[in-house]
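For reference, the chain that follows is the form predicted alone, supplied as C-alpha cells.
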Amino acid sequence: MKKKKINEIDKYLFDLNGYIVIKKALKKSEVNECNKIIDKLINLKHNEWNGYVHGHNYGGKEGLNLQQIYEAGKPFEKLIDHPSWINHMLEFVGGKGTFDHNHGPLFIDENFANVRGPGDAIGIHSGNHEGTQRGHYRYENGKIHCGQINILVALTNIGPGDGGTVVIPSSHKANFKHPEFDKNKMFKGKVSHADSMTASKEVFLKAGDALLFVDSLCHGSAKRINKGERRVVIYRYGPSWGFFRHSYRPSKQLLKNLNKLQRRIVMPHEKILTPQGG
C-alpha cells in the first residue's frame, strides 16, 4: 500500500479546523484483524495485564483502555507507520530539516484501543486556552509545527447514538476558554454533555475511517446510548524529543519485530549511553 499523499485541502482544513477525516484509512481486512485481537482482550479489568497490554481506565464511565496496544500483534504494529497517515504526521508534527529530527522524525507517547458500551463517554478536555507545550499548534516559516497529533481510527461504525468523538472546530487557535467548558470537562463517575456545547460537532465515522486532530483541539465524546460497543484505536504522535505519557515502555520483543522507522518512532533513544569505569 502506497503512502497517502497530503493534498492542499488536507492542509487547509487542518489549519482551519484543527482536524481532518481520512476516509477508508484501514481496509476491511485490517479492521477485522484488529477486532479479532480486541475480542481476546475485552475481558481485561482495570490494572490487569495480558502480555504487555494493560487494562486501564480513569475511574469514570470512559470505558476500557487497552494500553500499549502496539504490543498486541502485527495488525497494531502496522499502525505505527501506517501509509494512510504517516505522511500527515511527518508534515503536521513538523521539524523536518531541524534539530527535532536528530534522533528520529516522530515519537508515539501513548497508544491504546478504547472500548465503550451504553452510558459511556469522556468529558470535553484540552483546548488552546490551556497553553500546554504538548498540545501546541503553530504555523511559522511556511510550515505547521504541532506538539501532538492524535490519530483515532474507528474499528466499528460510529453514527448517531454511538458516542462519537466531539470536537470544537478551530478551538486549537482559540484565545479564550469555551464559556461552557467547566461544566462539561472530564470528571470521574459522571457523563459529560460535550455534544450539547455551543459550536460542538460530533464526528461520525465508518469502520476504517480515521479522525486526525491536534491535541490542543477541544475534544471529548458524546454519551453512547445505543446497544453494543464503540471501538477505536488511538496513537499519539509528537516530536522525537518527547517522552512517554505513562510509565509503559516498549518490550524488547516488540522492538525486535519492528522495521527501522517503526523502532525510531517507538523508541527514538533505543541505544542508552552509560558511563564507563568509575
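All values reported here derive from a predicted model rather than from experimental measurement. Quick note: we count residues from 1 along the sequence shown, nothing fancier.
We do not show the form predicted together with a small molecule, though everything after this point is about it.
Does at least one non-hydrogen atom of residue 213 fall within 4.5 angstroms of the small molecule in the predicted bound form?
It does: once the small molecule is placed as it appears in the predicted bound form, residue 213 has a heavy atom within 4.5 Å of it.
Contact flag, residue 230 vs the small molecule in the predicted bound form, heavy atom cut 4.5 Å
Contact with the small molecule, yes.
Is there a non-hydrogen atom of residue 116 within 4.5 angstroms of a non-hydrogen atom of the small molecule in the predicted bound form?
Answer yes; at least one heavy atom of residue 116 falls within 4.5 Å of the small molecule in the predicted bound form.
Partner contact for residue 220 in the predicted bound form: the small molecule, 4.5 angstroms, heavy atom
Looking in the predicted bound form, residue contacts with the small molecule include residue 220, since a heavy atom lies within 4.5 Å.
Please state whether all three residues 125, 152 and 234 have a non-hydrogen atom within 4.5 angstroms of the small molecule in the predicted bound form.
So, yes: the whole triplet contacts the small molecule.
Option from 133-141, 89-97, 117-125, 172-180 whose residues, in the predicted bound form, bring a heavy atom within 4.5 Å of the small molecule
Looking at the partner contacts, the answer comes out as 117-125.
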